[in-house]
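In structure tokens, the next block holds one chain alone, the form predicted on its own.
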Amino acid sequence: MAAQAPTEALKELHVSDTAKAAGASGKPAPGGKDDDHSDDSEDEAEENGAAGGGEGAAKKKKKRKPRKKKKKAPTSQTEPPTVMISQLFPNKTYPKGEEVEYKDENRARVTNEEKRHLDNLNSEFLADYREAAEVHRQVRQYVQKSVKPGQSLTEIAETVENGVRALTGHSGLTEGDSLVAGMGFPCGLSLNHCAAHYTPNAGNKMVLKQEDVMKVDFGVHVNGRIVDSAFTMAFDDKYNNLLEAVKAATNAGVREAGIDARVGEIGGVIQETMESYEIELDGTTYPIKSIRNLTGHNILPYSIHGTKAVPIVKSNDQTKMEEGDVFAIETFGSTGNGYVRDDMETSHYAKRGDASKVDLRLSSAKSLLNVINKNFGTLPFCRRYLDRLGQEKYLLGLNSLVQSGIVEDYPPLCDKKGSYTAQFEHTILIRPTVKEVISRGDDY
């Protein structure tokens, strides 16, 4: 999200009519699955009891209850994705991201016993992040295969969000459930000159077209540990250079990131990589520009935008990345001005973590704040999420919360009309021993 500045089931027993008849005469049914020595001896005992006139004659043979079939544990994902990741990895041994060893003066960290011990202490932290990352990978890979022009943006957004909720096992419909795991922030589907923060509100009729360039940006969290990753989809090969430029720039930023790396210098490498590309569209050649007022950012628990930014143009920012930091390295390229402004209808919101206590006059604002606190906390949400929880006529209260500084709104960010923008993004963990690109997959 962009920042501004196995066992086989046993078969049931089936008793044939002839077997029933045989049972009535006191003879064992031939050829049945239970036709073994123990059954023979039981039948003989009953025959003897009947012949002797003892109390065994009064006893009826107990009917065997059919054994319940054991369900096999799922071993693969469905399409669309519905199987919880924790079922596919029952021991919580989730796949690692791409681990990159530190270089130069930090190389000794790879084998340092103290640093290795610190890494081992983070097992729960890593399990949560890796589960969230695997959810992201499986959902986005399904989206890349299935989404086609002609689908509505609402349908696409719900495909992403329903997949995330299914794979984390948290639908978010009961109070507090979405705070345990689920969407880290709403699914952004920003088209063409719109670079970020666009998701359809209720009633939106927009449909994906063949000539569109769509940024798909969504987050997954487990226990507040958010994986933020994005990619761009285009259905016409003429946009290939734009997508390649931004993907290369993101990978350059990921490569340069690490302990003690200065964010201003990373921005310079990103810009140099991005702006080495150009693109020809309809006979006109355009330079591909880094969008200078969009940045990457660090991620804190339950807070998608932390206190550090990673510019995507060269700057004098001497802020260093540090051990234990989590960063979203995201880059945006544009054929336009390389500068975005607020535009279009707002859909994204988040409660401010540093909001001061305000005496709210509107009862609708008070009740809505209670809903936000119990269901989202400081996690970003959108208007569709409030609709989903059954909230009605909440816009007045929501606007009051924004004006009071309790909730921050995130309007869509757009370059000039007629231009095209693209985005790629990865989340990286600055671990004590290695840098882990937690969201890396075979796709990007």
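Numbering starts at 1 and follows the sequence shown. Just so you know, these numbers come straight off a predicted model, no measurement behind them.
What comes next is about the form predicted together with a small molecule, which does not appear here.
Out of the listed residues 351, 193, 297, 165, 297 is the one that sits within 4.5 Å of the small molecule in the predicted bound form by at least one heavy atom. Between the small molecule and the residues 136, 221, 215, 197, the one pair within 4.5 Å by heavy atoms in the predicted bound form involves 197. In the predicted bound form, residue 228 approaches the small molecule with a heavy atom inside 4.5 Å.
Using a 4.5 Å cutoff between non-hydrogen atoms, residue 305 counts as a contact of the small molecule in the predicted bound form. The closest heavy atom approach of residue 97 to the small molecule in the predicted bound form falls outside 4.5 Å. At least one heavy atom of residue 380 is located within 4.5 Å of the small molecule in the predicted bound form. Picking from 359-367, 315-323, 183-191, 241-249 the stretch near the small molecule in the predicted bound form, with a 4.5 Å limit on heavy atoms, gives 183-191.
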